[in-house]
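Below, in structure tokens: the form predicted on its own, a single chain.
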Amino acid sequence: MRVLITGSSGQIGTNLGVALVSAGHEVAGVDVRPNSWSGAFPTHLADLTTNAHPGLGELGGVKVGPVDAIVHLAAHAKVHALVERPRGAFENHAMVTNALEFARINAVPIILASSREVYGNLGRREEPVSEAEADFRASPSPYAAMKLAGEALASSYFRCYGLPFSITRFSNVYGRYDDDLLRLERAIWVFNEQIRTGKPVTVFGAEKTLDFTYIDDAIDGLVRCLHRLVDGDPAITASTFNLAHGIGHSLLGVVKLIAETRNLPADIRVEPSRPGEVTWYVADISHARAALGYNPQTPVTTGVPRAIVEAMTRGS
């Protein structure tokens, strides 16, 4: 199987590409920047927001050749940054459009990466959040609104052109290849750096509780979905899956876990949540369990220390 991955230089894209190559598949990556993490597969440099007119085997003005499927991960991923610059959300939608056009023209199935942000702020509750609960009227940010718009566009391509697709909604994926703060400020690594350097740790939202997903679990679910989609499994086509761990953890608890792992104190300062941020989310992963055989193995209490120890080994 030959797979095209957009956003292939990011955390999920790099891990997915490495996993597929290790399993004997071929990968073509497309990203706006080179891959600084791995050379396991080629990266075609292209900006999918401009000059992106897909053709046979062509995306973003570069020849990628024939593929069996496309996994679209490319996006501006800083939610708060897109509150400040909402045009970035429009650019995300342009990327989705170009990826879908590539899939349609080349007659290949596509997986679109979405986010738990699409559920908005549902408030603290007892029951996990199922896929059916996403509602554009609850979109907390331009980023979330455009993620939902991309999902709707994929659905229209299925109805108009018969294009097979699946949606995977990720939630706070962390672990390997995600600790470069110059590229993307992820909460775990911001906290880690503040604790490591003895600076105050700022937590936006005293009660903020989220569903953190270790990278290997996210990739396992994504690969399972990819194989079934390419095989034409009707249970996968035009379906949406929460790929998370299914258990919520507070940001304050994660900070304390990092501090314990490093055996360092944490000077915690709590500020109100920022505009556009989701304050509570725990995923219902029963659909992914039933349809994909998805079974996440790494809880936060194991995954965060593992990620921090790996960073410490690298000297960061």
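All values derive from a computational prediction rather than experimental measurement. Numbers for residues come from their place in the sequence shown, where the first is 1.
Only in words, not in the display: the form predicted together with a small molecule, which the text now covers.
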query	finding
Segment that reaches the small molecule in the predicted bound form - one of 232-240, 99-107, 76-84, 201-209, heavy atoms within 4.5 Å	76-84
Listed residue (291, 268, 32, 247) with a non-hydrogen atom within 4.5 angstroms of the small molecule in the predicted bound form	32
Residue 300 within 4.5 Å of the small molecule in the predicted bound form, heavy atoms	no
Exercise: residue 115 in contact with the small molecule in the predicted bound form, heavy atom 4.5 Å	yes
Partner proximity in the predicted bound form: residue 173 to the small molecule, non-hydrogen atom cutoff 4.5 Å	yes
Residue 17: touches the small molecule in the predicted bound form, heavy atom cutoff 4.5 angstroms	no
